[in-house]
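Only one chain is given next, in structure tokens, and it is the form predicted on its own.
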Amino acid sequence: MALNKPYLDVPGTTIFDADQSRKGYWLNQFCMSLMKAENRARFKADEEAYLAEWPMTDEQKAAVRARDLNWAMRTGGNIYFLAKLGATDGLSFQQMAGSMTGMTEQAYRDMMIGGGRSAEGNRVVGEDGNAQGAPAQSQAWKEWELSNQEALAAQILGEHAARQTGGGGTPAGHARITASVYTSHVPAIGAAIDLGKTGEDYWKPLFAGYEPSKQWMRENKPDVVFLVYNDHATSFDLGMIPTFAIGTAAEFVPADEGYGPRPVPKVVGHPELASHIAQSVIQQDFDLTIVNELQVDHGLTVPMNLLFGSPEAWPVKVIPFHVNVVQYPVPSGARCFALGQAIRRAIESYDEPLKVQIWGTGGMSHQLQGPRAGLINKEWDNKFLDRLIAEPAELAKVPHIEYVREAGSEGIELVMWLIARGAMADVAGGPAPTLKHRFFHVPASNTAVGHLILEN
């Protein structure tokens, strides 16, 4: 099932969707830089030197040089960002809009004075309106296409072949969720790994509990991990707190959380699948923040260590998915559970046969603040694990206040586990998942550690 994009047949129109945003990220960031007077002066003094500072594609830079806005939009540009380039050249919005129509400036002005372009005949490609046909092209764009015909043809053929075979000689198919993984993401666990303390008496029982998981992961390695975690005042400060945010970049670097960045590999993303999920889930009426530049903290890297050890490079691609559980109001368990179902539908509609695991991280019971700091509730935690396996829909109804009273102020992180659980097949009427491993340990610094692996 292809993702529904009904706007693709609107003539003379490029909708700036998640795919366009991913493709045009650095082009649009370059345009944003022109909001500062000193940057505009540097760009006008030496365009080539300034463009060299930005990791845009050669085609994007060529479109900027040509000031061809249609071309720039084809490479991912958005008109509101591109307007900063036009403003740098002293153009009005009307002049910029007119430049994309193939009309003279005066003819465009006359059309607008006359009431603007009519929607009649311009609603669907193939009608008889005056916005039909190919976009206006600068001479530079025409020359670019002529000089790159062979490369463009090879790219199109390669993409077509990848879609038909799944990119690896296998029959075409759709992505699927093979398993869900649940684990705490305690920062002290990362410190124990980084400082070589995993064999100490304090830490040995905890890391022993993850050895079966590492073996299972070696036998069941996915192509992509969709990893649900919360940012710990690292990439998101009080200036902006998204409830749900998906990382759509090609890579994510480990953050400096005050002790220097952890010595772990950079995280390689899957921007195509991430953009697809974002668009699909938003179309299912969930509001996601799309993040093209993100540093990842221990909330993501510690679970990676626990399941994959400490390799030189992570063996899977990762889509980071942040949930606000820091500042109230935080999303309810029911909302998170329903979101997991929407994510499953999104992944299953992606037409490449990828094996995807969805991980829910954070928790279990812990409180890091106030006179009640140090709270641990083993009985409640283990009942939560029982219910997560057997009755997740009922568990999702637990109100916030129960998490706070029973599992501590930071125990609310457990709602993130419900996103992963909601993505499992049984929630949609399939068979119950298979429990492959269950582990619980107290303490790891200030926290109870819980861990489950459920196979679809």
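Quick caveat: nothing in here was measured; it's all calculated off a predicted structure. Counting begins at 1, following the sequence as shown.
One more form of this protein should be noted, the form predicted together with a small molecule, which is absent from this view; the next part is about it.
- Note on the partner interface in the predicted complex: the residue among Leu368, Ala87, Ala249, Ile79 having a heavy atom within 4.5 angstroms of the small molecule is Leu368.
- For the residues Arg109, Lys197, His232, Arg176, the 4.5 Å heavy atom test against the small molecule in the predicted complex is passed only by His232.
- Of the candidate stretches 98 to 106, 131 to 139, 183 to 191, 217 to 225, only 183 to 191 has residues with heavy atoms within 4.5 Å of the small molecule in the predicted complex.
- Within 4.5 Å of some heavy atom of the small molecule in the predicted complex lies at least one heavy atom of Ala444.
- The shortest heavy atom separation between His298 and the small molecule in the predicted complex is within 4.5 Å.
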